[in-house]
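Next up is one chain by itself, shown in structure tokens, the form predicted on its own.
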């Protein structure tokens, strides 16, 4: 990342970033939001954003080389962007992966304050983009959301029982504290606790479809009640769509089991 100040007080910086959103502004332009390593979530204006040349560059999840400049400190500024890696095109034919990518972008765009640096989250997002090609991408996505919660100051503690029970028999999560609770300690209050998916327990195995849905339910609860509780629009629609897609897939899977059982 390079920052420069010219004799005319023009502010400039260069960095690589992940496209979070591109909102139409004026006739031919857009305000583009990026997640960058050094500048955090940063916005800038792109001229001709929806031209044939730029349209593919500004897909959410793409990685771009960005140069930002402004004549007045604190202004929106302008971006010059070059596509570095087209992540969005890789998942375009997989509705579930595309929904996850769009959800991650929307969560960062809505939850992160502008120009607040989060290098750990940036590198975690880059890792998530790579792991979308693997078989464990859904579980990795949920773990990324847990990392996002932590980055925003809402840490979940899923390693030990908050009630003094066995750490090898964790089954629930307290909706008030985000701490895990064992079967025994949580039994009297299980109707008020959130289920803990198997793949997030100590010595866990691979995630099944039901585990993924339970995991999405878990992180959605804390996103809704901890992160977006005071946001006027609540949890972003892209995250809600991802949740709905997994719920529908799980319902179909369970229906098939019933029919063939």
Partner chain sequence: MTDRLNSQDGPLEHLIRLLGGLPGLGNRSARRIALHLLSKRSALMVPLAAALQQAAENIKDCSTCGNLDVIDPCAICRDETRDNSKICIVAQVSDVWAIERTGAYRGRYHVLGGLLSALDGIGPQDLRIESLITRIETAQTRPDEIILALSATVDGQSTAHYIADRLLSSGISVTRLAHGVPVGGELDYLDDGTITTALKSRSAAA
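Residue numbers count along the first chain shown, from 1. If you're wondering where the values come from, they're calculated on a predicted model, not measured in any experiment.
The discussion below concerns the form predicted together with the partner chain, not included here.
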In the predicted bound form, does every one of 27, 92 and 95 come within 4.5 Å of the partner chain, counting any heavy atom?
yes
Want to guess which of 40 to 48, 219 to 227, 57 to 65, 190 to 198 is within 4.5 Å of the partner chain in the predicted bound form, heavy atoms only?
57 to 65
Can you tell me if residue 85 lies within 4.5 angstroms of the partner chain in the predicted bound form, counting non-hydrogen atoms only?
yes
May I ask you to check whether residue 102 falls inside a 4.5 Å heavy atom distance of the partner chain in the predicted bound form?
yes
Since only the chain is shown here, I'm wondering whether residue 14 would be in contact with the partner chain in the predicted bound form (any heavy atom pair within 4.5 Å).
no
Can any non-hydrogen atom of residue 19 be found within 4.5 angstroms of the partner chain in the predicted bound form?
no
With the partner chain taken in the predicted bound form, which residues across 231 to 250 come within 4.5 angstroms through any non-hydrogen atom?
237, 238, 241, 245, 249
